[in-house]
Structures are given as structure tokens and as C-alpha cells.
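One chain comes next, on its own, written out as C-alpha cells in the form predicted alone.
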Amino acid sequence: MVSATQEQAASQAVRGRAKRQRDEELLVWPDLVFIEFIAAVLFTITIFSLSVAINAPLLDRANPTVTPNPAKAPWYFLNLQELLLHMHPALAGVIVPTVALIALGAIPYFDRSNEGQGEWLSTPRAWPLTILGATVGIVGTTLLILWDGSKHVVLWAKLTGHDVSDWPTKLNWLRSSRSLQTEVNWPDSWRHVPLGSKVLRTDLLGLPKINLNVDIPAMVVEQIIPVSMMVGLPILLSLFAWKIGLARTRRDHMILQFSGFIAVYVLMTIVGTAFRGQGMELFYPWQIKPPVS
């Protein structure tokens, strides 16, 4: 009698487990196919709307012997190509991506709390932190791109009724980051600092001399300013969020910084894709004109 009761209880448990597994299943139809259909409809509507709103004239057949202007990287590398416009190539193409990957991989070692693992927005302040990080990343990066593209000069010309060429000469160094290198009266000795012959004396070790002349103005514009922005602004953001009591734990700071990183990544991809024209100059995509034959 006891054996029969145990077998009946075991069979009921097996049936209950099978029922729960069946309830947790998602079928290809209609669950998956219906979602894919809705996504396909949304993509079709979006592409159709873009084709109506943006003038994208067809050009001649591609010529493999002629490089188009601009020559752009694949879309997933356009954020790096955007960085190349604002800093030294080695910094933008090698150092920044490497440091970013290392920083992303170090997040689990910095945030070692087991609470809420695997959950999106697991802290009570996650949503405000996400919004703050994304907003600061988008607004700050947009302003820096516009400044480096001298668009503030265009805005000044529209507001004052002047021509862009009438920008005050004494403020030429504010046209863009490159203007700091060309418009500031740097001493000539700063443009060719012979580190190879005076500091790095490899010849004293019996090695060939290093022909290394450092251009300090170029270093300031291409390396010091970009690194200061990329490191200093996130630190100031975390300090501000901590000061107002919004970021209290390590996870709060990681959510804040990661949200800003993703926002900057997406924004630079969009700018490189849709807002860079000939010579990689900033332009409005709806102003594309068909080529004059």
C-alpha cells in the first residue's frame, strides 16, 4: 500500500514537472515567427520612410580604380574612423579600443557584488543613472564634434549676420582643436624637441641613435586634449553623481559609465555613417544633391 502511494506521488510529480516544462516552452509558430514578422514590418516602414525623406541619388557604376570620396570603413568601424578625425591615429586606432576592451572586461572585477547578478537595471537608481549617463554622453560628444568641426563659427555667423570668414582673428585658436596647433604662437623650439639626441641617448648603450623629434603643439592637440576629455569627463560625471547621492555603490558607477560609453559608441557610429560627406566634413544628409553631369 505504501509502495503504491509513493509511485502515485512520483507519477504526479513527473506529470507536474512535464506540465511546467510545456508551459515554459516557446513555439516557433506563433511565438517566434510572429515577432520576426512584426520586426520585418517595422524595418520595412523605417527604410521606406528614410527613402522618402532623404535624397540618395544613384551614382555611376563602381570603378575599382577610383577611390570614392569619402572612403568609409564598414559601419561597425565608423566610430573608430570618427575618432581618427579628432586625435592621433595610433591613439584612436590602437590604444583607445584596447583600453576600452580591457575596461569592459574589468567591470566584473571592479563590481564584485553577487546581488542582482544577471539582471538588467538591478539597482533602485539604475534608470536615473542610465538616463544621466546616456544624456551626458550624447550631449557632450555632440558638442565636442561640432566644436572640432567649427560649427560654432557657423552658428555665430548666423546669429550675428556676419560671414564665417569674419570670425575674429584673435579667436582663431577657438575655431577647432587643430586651430590650437596652428593659430597659437608656439615657440619654434617646441615644435622640434630632439628627445632622441638629448634625452633618449641609446647611443650610450652601444645602440643606434633614435631620431625622435617631438612636436609639443601636435602632442597637445592630438593626444593630451583627447585623453584628458576621455578620462577626465567620465571621472567628473561619477563625482557629480556621487555628490548628489545618485551613485552610491560600485554597480551604480558601472551602470552610469557603461550607459555613457554605449551612448557615445552609437552616436559616433551615426555621425560617421550619416553626417560625414566629402573629405569627411560634417553635413546634413538631407542636403545630398545628385551629381551634375
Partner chain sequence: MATRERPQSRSLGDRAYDILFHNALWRSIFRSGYPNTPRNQMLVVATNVFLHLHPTRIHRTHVKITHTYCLGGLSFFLFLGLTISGVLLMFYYVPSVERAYEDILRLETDVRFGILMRNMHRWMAHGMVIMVLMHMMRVFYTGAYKPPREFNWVVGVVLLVLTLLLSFTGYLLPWDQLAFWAITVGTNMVGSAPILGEPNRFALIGGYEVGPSALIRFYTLHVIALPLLAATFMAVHFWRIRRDGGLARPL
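Since we're looking at a predicted model, the values are computed, not measured. Positions refer to the first chain, counted from 1. C-alpha atoms forming the largest set that superposes within 1.5 Å between two forms make up the rigid core.
The next section is about a form of this same protein that is not shown, the form predicted in complex with its partner chain.
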At the 4.5 Å heavy atom threshold, is Gly245 in contact with its partner chain in the model of the complex?
-> no
Partner contact for Thr130 in the model of the complex: its partner chain, 4.5 angstroms, heavy atom | yes
Does Gly116 make contact with its partner chain in the model of the complex, using a 4.5 Å heavy atom cut-off?
-> yes
Is Ser238 close enough to its partner chain in the model of the complex to count, meaning some heavy atom within 4.5 Å?
-> no
Leu171, Leu104, Leu195, Leu155: which sits within 4.5 Å of its partner chain in the model of the complex by any heavy atom?
-> Leu104
One residue of Leu233, Met254, Leu267, Ile225 in contact with its partner chain, assessed in the model of the complex (non-hydrogen atom, 4.5 angstroms) | Met254
Taking the partner as it appears in the model of the complex, which of 175-183, 141-149, 87-95, 212-220 has residues with heavy atoms within 4.5 Å of its partner chain?
-> 87-95
Partner contacts in the model of the complex for 63-77 (non-hydrogen atom within 4.5 angstroms of its partner chain) | Asn63, Pro64, Val66, Thr67, Pro68, Ala71, Lys72, Ala73, Pro74, Trp75, Tyr76, Phe77
Does superposing the core leave Asp166 with a CA shift of 2 Å or more between the shown form and the other one?
-> no
Shift of Gln117 between the shown form and the other one at or above 2 Å (CA, core fit) = yes
Against the rigid core, is the Cα displacement of Ser51 between the shown form and the other one at least 2 Å?
-> yes
Since the Cα separation of Gly93 and Pro64 moves by 3 Å or more in the model of the complex, tell me which way: closer or farther than here.
-> closer
